[in-house]
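Only one chain is shown below, in structure tokens, and it's the form predicted alone.
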Amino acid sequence: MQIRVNGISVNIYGLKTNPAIIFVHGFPYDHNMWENQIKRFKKDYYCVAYDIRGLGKSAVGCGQFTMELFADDLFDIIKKLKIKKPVLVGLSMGGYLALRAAERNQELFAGFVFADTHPRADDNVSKLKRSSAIAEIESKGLKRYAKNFLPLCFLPDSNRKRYYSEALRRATKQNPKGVKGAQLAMLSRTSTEEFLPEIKKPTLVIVGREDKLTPPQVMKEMAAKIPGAEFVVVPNAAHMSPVENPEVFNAALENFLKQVER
């Protein structure tokens, strides 16, 4: 079932009486990146996967986004659907959002899964890279940008696989204004690193072994700052671990979910 909450396209799978999971996608993708996870968990869990504002089928509006606005959208979805104690799963940009949501109100959630992400704000070099990406989209188009960026997210041999082709196809069909807006939100986000020791909920930190954007060592250090956090490395995967190796990712997620008290 698909509904809209303040312009956000929200997709719902499974029975509401089951424990809830909210999946938050990465950049520049949409909720479809969680296809393998939804297929695996919708029988036993109430799965909610939505398109972040400006991406997928969600409203673009002015394209002037912040991570705070993204978090507000998440809280609105939880309120509208009356979701009680979901486990929040966020990858990359979705992880930035999940970390900010946890910082603002972790009591809304039963647990957190931070996948291929990190808590730090952009340094000056990263801000300049994002500014250049916005300029590239503006001057040369989204298709060229996506073809240059997506290979950084996947293993080299992924370029020959169906899931890479599908991810590229969907990325190139995004609204350029929404993609640039997402870059603005990431560029301007605050650090959540000092908050990590304050996380009191069960947490899984998971990363692809070949992730070059958020390397395993960076995420291992992040996990070490979260009390009791579990750390898992997914083999045969880069930045898009739930897409490239869904079997291992899903097994780790299933094991984690069994340990979460509702």
Ligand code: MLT
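Sequential numbering from 1, following the sequence displayed. On a predicted model such as this, the values are computed, not experimentally measured, just so you know.
A second form of this protein, the form predicted together with the ligand, is not displayed here; the remarks below concern that form.
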So in the predicted complex, does G54 come within 4.5 Å of the ligand, heavy atom to heavy atom? no
Is A185 near the ligand? Define near as a heavy atom within 4.5 Å, in the predicted complex. no
Though only this chain appears here, would M93 touch the ligand in the predicted complex if you measure heavy atom gaps against 4.5 Å? yes
4.5 Å heavy atom contact, F27 to the ligand in the predicted complex: yes
Check, residue by residue, if I3, Y13 and K80 all come within 4.5 Å of the ligand in the predicted complex, counting heavy atoms only. no
From A224, V218, L213, L69: within 4.5 Å of the ligand in the predicted complex by heavy atoms is L213
I need the one stretch from 85-93, 158-166, 132-140, 71-79 whose residues put non-hydrogen atoms within 4.5 angstroms of the ligand in the predicted complex. 85-93
Where, within 133-157, is there a heavy atom within 4.5 Å of the ligand in the predicted complex? Residue list please. F149
